[in-house]
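In the block that follows, a single chain appears as structure tokens, in the form predicted on its own.
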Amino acid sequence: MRRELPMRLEKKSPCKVNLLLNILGKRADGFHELETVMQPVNLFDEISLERGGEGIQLSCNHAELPTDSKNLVYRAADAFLKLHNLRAGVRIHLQKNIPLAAGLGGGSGNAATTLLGMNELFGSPLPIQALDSIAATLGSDIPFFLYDQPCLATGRGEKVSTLENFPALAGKAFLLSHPGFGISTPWSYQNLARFPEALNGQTGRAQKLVSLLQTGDLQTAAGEIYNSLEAPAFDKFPVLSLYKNFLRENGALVSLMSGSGSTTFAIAENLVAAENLAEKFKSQFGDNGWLATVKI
């Protein structure tokens, strides 16, 4: 009996933090070689997909985002249709809840979630390996979001190895703080050249961190949690350094900028501790930005 295809789907699109982002130098192709440890975060954008109409019709609640081929959601849907040789129409609505240009991979997560949703909408014709191949052509972080688990990524970020959940993070919680402005990823990488030590990191830090997180010893692992891109970001936006230091001095087990910024995250002992830390943060810096707490 032929399975009936769904006409409409609702998908949650998660974000991430980088527990480590270690840049290993610039490559001949213009990209940067890196190693990174990424952790999913259960904060979501929402994507609805519906078969029908002609071509790809994308709408979004965020006026700043384009709804044509400049949007990763549109490009992901288009790539899926072309690879599967489908001429069907699809309507997609993107509800943005995660800040833009935040270092949380919101756009990359949107693209990956669109690939997963399109595959489901059209009867799952493509295996995960094919979706992974499409994702790698769209952007470096996108393959990570096809897998709902921590990952170690190398190359320019597209070579993804999935990992078991880290015992060191069991029961812990995130506090995420976005200051109300974004940082362009291309700008971050371009300005890394002014910081040679951050540009040319020592390989092997990612595997060392993974090993420590797997032992359950967050206190020891915290010494290996690092982000090369803090160097240019803190130089231009010193408030981010203030955020990081304040969080660490007021009870965070770990604090770090995620990705290319501008979000700073803290790891707290549990959700109550994260919420208490958020109140201290608001008392110090006000509540003009975006704050979120979530269990890991």
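What you are looking at is a predicted structure, and each value in this text was computed from that prediction instead of being measured. Residues carry their position along the shown sequence, with the first being 1.
There is also a form predicted in complex with a small molecule; it is not shown, and the following applies to it.
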query: Any non-hydrogen atom of F195 within 4.5 angstroms of the small molecule in the predicted complex; finding: no
query: Proximity of G201 to the small molecule in the predicted complex, heavy atoms at 4.5 Å; finding: no
query: Contact flag, K172 vs the small molecule in the predicted complex, heavy atom cut 4.5 Å; finding: no
query: Any non-hydrogen atom of T185 within 4.5 angstroms of the small molecule in the predicted complex; finding: yes
query: F31, L34 and S140 all contacting the small molecule in the predicted complex, non-hydrogen atom within 4.5 Å; finding: yes
query: Answer option from Y147, F122, Y226, Y189, heavy atom within 4.5 Å of the small molecule in the predicted complex; finding: Y189
query: Contacting member of K96, H93, R156, R205, with respect to the small molecule in the predicted complex [4.5 Å, heavy atom]; finding: R156
query: Partner-proximal stretch of 212 to 220, 132 to 140, 174 to 182, 96 to 104 relative to the small molecule in the predicted complex, 4.5 angstroms, heavy atom; finding: 132 to 140
